[in-house]
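So here's one chain in two forms, each on its own in structure tokens, numbered structure 1 and structure 2.
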Structure 1
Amino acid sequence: MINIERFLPAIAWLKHYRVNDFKQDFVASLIFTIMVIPQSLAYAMLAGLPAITGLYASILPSILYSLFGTSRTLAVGPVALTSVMTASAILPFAVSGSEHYASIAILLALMSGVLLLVLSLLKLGFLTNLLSHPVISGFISASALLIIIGQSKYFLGIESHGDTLLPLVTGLYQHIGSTNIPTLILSAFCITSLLMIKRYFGQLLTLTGLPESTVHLLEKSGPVIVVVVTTLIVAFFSLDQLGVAVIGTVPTSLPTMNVNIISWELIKALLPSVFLITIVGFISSVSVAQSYAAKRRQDIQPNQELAGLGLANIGSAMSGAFPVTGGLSRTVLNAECGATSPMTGIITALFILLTLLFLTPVFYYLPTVILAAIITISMSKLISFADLKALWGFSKKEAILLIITFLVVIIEGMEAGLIIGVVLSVLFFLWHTSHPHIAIVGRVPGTEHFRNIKRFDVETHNTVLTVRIDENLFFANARVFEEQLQSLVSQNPDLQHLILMCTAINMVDASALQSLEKIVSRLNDAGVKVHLSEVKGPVMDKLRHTDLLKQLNGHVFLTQHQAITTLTQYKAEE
């Protein structure tokens, strides 16, 4: 019998949904909608699309994820990183603001959604593990820096293009002479107001005697106050007539994808960008979802998350918008507003739809500088020097990986940075595993424990050498392992028994098996018996069907203690 809940997780929480839950979610959704609208508008602008597109991307995707996703808290919609990656992917093919640009954005959302569904069907969520922490950290910090520099054109009221450091800086330098003074003044007001409200608004609310929980919630609405005030200033003083850029008239119809400008060549050219947008979006989304699930003792199913996010992106494409995912800032706001279930995603979507239907005229005088200021302050939090400092103290190789990823993103772009980061991560991993840690071990006196002779005062025997291999054995390290063992044996002329302690070995491939057979054969000719100890069950199951155990001139011992006891007694009897 088909388990419908597996494909439609909403059934599970709807079974226990009550009227009181709806009342709480309704209030939470109302507050959340007010707070998230400016953010959605800003991230659409970041993607190089009309700001109102951010609201299109917050309706159907939110509903679909609420029905098909497994997180009770995750809020899906426009997110800074995927937005800027969207702009980076489209700019080589179209001019921002054109019909062609909007069509490619819709195509990106559609392709990302289909890819997520394919990954879900094939259960390939593990591919996201290719992005290590240093790569993600370097990528996020560099992307945030580029985003901040890119917002400067809105603060200055000038035209400037580019998605890497040199073009961005060059463009700003070339056009800085045409800075719009009213825009610059308004920008200073927006940034100062946002920073002041962030620092002091909560303290002012506390003085009113409101409960701490209410204060904590209301202080998050600070940016909304600045948005309203700046919009009123622009409207009252007609600053749009002085060159201050505003949202303007909101279109009454949804953008559509012009299929005539879509070709197979374009689709193939976009595939690398689609893959990276999908992987980065999924990683950030699942990490946020899992952190909140752990706090609330709920369960997250990664493969179903792939399906939920895939349908959300297809929904975004149907809405004429761009790729979406689960965002940290959106989810934090959602949780702090008091969301109890995914119903908040559905109710919020309906509130945003009502806003689009009846309140779009209020966006006319909304200045783009306030959205740029919101983006800039939000992105500044993502530039982390603490990560680099911590990694430098823990692992210089990983710190260097972070630095390289950061520099490549800054100089060559986001896609190149991620690709280089992933390639270097794999190369570092292969280098590490191709140089396995091999320790000579001895028995801790009076115990059955065996430890590295370089770290502990242990008992050893001249005729018995125990070597512990702290790595899986496969093609990348088979030859190095073979050479290291040969070197160790040559340094012990009295050696009669070599014990390979296999505690940490979980896998042996064909190349390593061949190396083991060579070692047994060579040492047999040299009069040295080779023994195995503490071989794990799955490894032993594979070895039973090979010639290694037939050629082995020693024994396979269950424990290392048994091996040493048996061989030292055997030597004593001789």
Structure 2
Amino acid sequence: MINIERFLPAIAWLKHYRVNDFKQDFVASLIFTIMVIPQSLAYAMLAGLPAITGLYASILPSILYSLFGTSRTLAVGPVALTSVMTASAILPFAVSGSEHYASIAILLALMSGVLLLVLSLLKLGFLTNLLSHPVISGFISASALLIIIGQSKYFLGIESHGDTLLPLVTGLYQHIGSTNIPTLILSAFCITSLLMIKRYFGQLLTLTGLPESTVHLLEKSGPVIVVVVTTLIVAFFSLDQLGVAVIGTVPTSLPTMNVNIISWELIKALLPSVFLITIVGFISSVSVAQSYAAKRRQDIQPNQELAGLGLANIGSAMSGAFPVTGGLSRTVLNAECGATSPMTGIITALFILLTLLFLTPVFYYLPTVILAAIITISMSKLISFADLKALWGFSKKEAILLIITFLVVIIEGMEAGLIIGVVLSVLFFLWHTSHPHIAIVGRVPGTEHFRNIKRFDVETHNTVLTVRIDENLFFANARVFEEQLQSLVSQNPDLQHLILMCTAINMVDASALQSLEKIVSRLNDAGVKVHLSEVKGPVMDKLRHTDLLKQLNGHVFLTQHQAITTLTQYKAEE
């Protein structure tokens, strides 16, 4: 029974699910569906696909995640960042709007789903940790900026392609002459209305005397109102006849993957993109899920999350859509609509299915500019200098890492930015650990405490030197450690005993072991005995299997105090 619950976490909450919960979830889902539809359409457009695909991507994935995911609040569907990464990944292989393009999008969702399941099975979720905070921050700001610039073509009503700064800007410049004036005017209206409604709608609602929670909820429906009004304007004035792009007729069947275009080469070529889309999607999803789980003292199992999101993506592929994940804005909406359980994910999916079956004619006159305007406004919130400022105060190196990631994304693209960011963060970290803090320590008089001789007034000995290494010993610093010790020994000609105090060493790898063996053998040649003190249990367990302890010409002392007492007495006796 426990095992089934582990693989199907839904059982846990379904056991306690009551009719009243269902009533609340039903109402929450209804409101959520209305609000989330424009967002889903917009993000499909961002992925370079027909806007309606965003709804396909919101049904099966949402149901599968509700059953297999561990978060009780997370809403899964199309998300801005992964959508634009999807577009970037497909662009080198197909033209937006073609059957090829849609097939590759489906392939991406399938591959991403399989990758997530593989990561889950092999428990390789830790790979997602490779994206450090500065890299993510630089990546998000730069991507948001690129997305916003990319929306301009919709506002101008022109054709233009490109996914990095230079092609985007030159594309706009070349086609700006063919700007569609009605589209431009409608764009201005959309953006202004969205900004105004965001700013004043809440205040207006408060005046009506409604309870605060209702006001807060209704406030979120502002964009929906603008979407409805804009659609009505387009329909009333037949603006589509004047060149304003609208969603138009929705096809009656789901897009399917044309398996003929799938080749082993294509799969290999897409693999790096799939990897990055998957990792970015997973990280943003888990961080949203965790912040909600923490508030409610619930627990998120990252490994099961990989499985849940993996199945959601496979579901998306089966629906002819594109990679999905758990989104911040979706989840905030879901929580504010009053969702109490993953059941809302299932009910919402059914409402969206009904919409697709019966209400698509309503979308005919929905203009793409309103979707572009929604994207632009939500992305503008993601460009932030506050993070850079805070980082600059905390660590210049990490701030520079953020800037480099930002610039590489803008100039070379999202994937190049992420890869360079990851490589640099790993190198920065290795640089740091390869310059370990090594302190010579002495006894604080009258105590058993040993402190840095540079900071404290402590007792030292000519012939006995104690060195404390404040770092794990592994390949990146093993040789540095060798050099530093050698340098210390060459500076202390009277040295007879060297004690390595190992309090802060949590691991020793084979490279470090080799260095330790070299140190022991070299110092032996030079007539110096090497001792260890305060070795941690797990480290000692590992050393016990090695020749180091046999080669050691000194002792292993349980405490530093014991070591010093023994070695200085020994000296006195000599």
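What you see is a predicted model; the values in this text were computed from it and never measured. Counting starts at 1 and follows the sequence of structure 1. Whichever C-alpha set is largest while still superposing within 1.5 Å between the two forms counts as the rigid core.
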Subject >> Of structures 1 and 2, the one that is the form predicted alone >> reply: 1
Original post:
Do Ile158 and Ile419 share a rigid part in the two-part description of the motion between the two structures?
Top reply: yes
Original post:
Rounded to the nearest whole degree, how much does the smaller rigid part turn between the two structures?
Top reply: 12
Subject >> Core-referenced Cα shift (Å), His531, between the two structures >> reply: 3.9
